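Single chain ahead, by itself, as structure tokens, in the form predicted on its own.
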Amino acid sequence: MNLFEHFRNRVIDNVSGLVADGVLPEGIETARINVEPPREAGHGDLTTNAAMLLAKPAGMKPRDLAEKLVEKLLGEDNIVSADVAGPGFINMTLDDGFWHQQLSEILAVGTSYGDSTIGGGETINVEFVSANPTGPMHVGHGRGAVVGDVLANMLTKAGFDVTREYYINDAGAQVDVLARSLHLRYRQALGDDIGEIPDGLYPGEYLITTGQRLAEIEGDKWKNAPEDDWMQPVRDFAINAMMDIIRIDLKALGITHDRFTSERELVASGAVADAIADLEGRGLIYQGTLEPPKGKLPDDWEEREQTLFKSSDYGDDSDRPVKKSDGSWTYFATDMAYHREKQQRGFNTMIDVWGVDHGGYVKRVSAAVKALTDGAGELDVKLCNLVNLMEDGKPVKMSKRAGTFVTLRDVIDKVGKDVVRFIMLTRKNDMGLDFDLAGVMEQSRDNPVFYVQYAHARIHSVLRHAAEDLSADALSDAALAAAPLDRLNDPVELALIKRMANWPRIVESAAEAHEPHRIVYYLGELAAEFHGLWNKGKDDASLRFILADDPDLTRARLALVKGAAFVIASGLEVIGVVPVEEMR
């Protein structure tokens, strides 16, 4: 249960009571009323802006209305105090019994705690990674992969029906360069001395083995053939081989996609022509010329008539070309058709995870989605900023296997998938991220992965120690749920329960905002709350989890830590990280 939504509904019910009493006018709007955690713990457990929002339409002063609402709220179960603060906020404090009920709910459902139905089964398409199939993924691709996958996990937990999709950019000039690069390695495998890799081709060693496989399958069939003869089959072979590498690397990161869509197949199907024809039929395609970029005139600028889409009608900075000078479609045209096709498959909500270098592309694609779906489609683009890969504070040199960058697989092999997934979410996706290979392996509070995992491992250490004196039945989830939870009345114990009870709200708010980093932030706060309780027990024996002379309180505290383990595991599950029971 999202307790904040629960009490929001109760506030709204009491507003309705004030309407019935004649204090507030009929039909007063309550949609924007919020109930949230207060900014400072000393201000209670909940705060609402109801009086601030309703005062003006009610023709009342906010504090006067707040006082009326407080009188109503004090008659509610579980609310032990309600006070007016500042210009009209209402701060509420709940009784201990309510928090004990929340712990009982956590123990009853385990790691399913936080599951929500707010999505209502709405279909959402999350397209992420979509790296050009020209070689192994680099660390930057890894960040987008984690952001997209965890976003999909989070939306699923919140009740949405999510499809993970990968768009294969296999129709551009870069795959022709890949084919030429592979043909060179193919000749090498057949015994030719290829010398230095020419500028403009891909130098990575990964193409050596791919060239050898091509030679094993085709022999010398394409060795001396004209490029026009070997380009298509070699290109197809290269794309399939690179996608195999990408799929394997994604699997090592714990990621699988539900669908792969090929740009080439999209173009061949006529989907691009159909999309442009649709827009043309509505007067949104025209022949015209564009002005040069503002503030400068490029040396190669050539004013010429082009086929343009009226994207400026839909919020873009200017209109955009949909055809190249040779008559082929622009990248933008194929992207337009791709998003139209996604909406036709039933996805009105589309989330794309891109690299930050594509930031200038957002407005035009958003404009296209609005136009092509008549406003029914909604596109949210999550831009992932750069990852600065370091070791002991120094930049990591490039990978020999890739030739120009550090591969994602190199990093996974060095620190493990769970560390990679967690660290990639320690900053909001549009902020730069420092990833220190040595730092993420340290067992210290400064390492966020260790800090959260250590909390989970510590809890299981407590439970193992308890098992030495108590039977397995006494430590079962059912037995702990039946423990006298009302014995948990120390402020630090209640603070931990309150943090745990905030998990459903975090799931829902993070899902609605499409911000998976909130999960990692929350887990850090929850771990800190638990470690704080642990440390107080070291200083104050009465706060220890296992008390030989008080079995009832021991069972209650074991229930508390077991609940904390469930919530931590639930959060790690969303991130795609396996919770550990021992630190090695």
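Computed from a predicted model, the values in this text were never measured in an experiment. One rule holds for the numbers: they count along the sequence shown, beginning at 1.
One more form of this protein, predicted in complex with the RNA, exists but is not displayed; see below.
- Across the options 353 to 361, 264 to 272, 193 to 201, 416 to 424, residues that bring heavy atoms within 4.5 Å of the RNA in the predicted complex belong to 353 to 361.
- Put simply, Thr47 is close to the RNA in the predicted complex: some heavy atom of it is within 4.5 Å.
- Taking the partner from the other structure, the RNA in the predicted complex has a heavy atom within 4.5 Å of a heavy atom of Ser444.
- Residue contact check for Arg555: none of its heavy atoms lie within 4.5 Å of the RNA in the predicted complex.
- Interface membership of Ser461, defined by any non-hydrogen atom within 4.5 Å of the RNA in the predicted complex, is confirmed.
- Though the RNA is absent from this view, in the predicted complex it lies within 4.5 Å of a heavy atom of just one residue from Glu302, Asp374, Asp392, Glu216, which is Glu302.
- Interface residue among Thr111, Thr349, Gln101, Asn169, judged by heavy atoms within 4.5 Å of the RNA in the predicted complex: Asn169.
- For the stretch 57 to 91, the set of residues having any non-hydrogen atom within 4.5 angstroms of the RNA in the predicted complex comprises Ala85, Gly86, Pro87, Phe89, Asn91, in sequence order.
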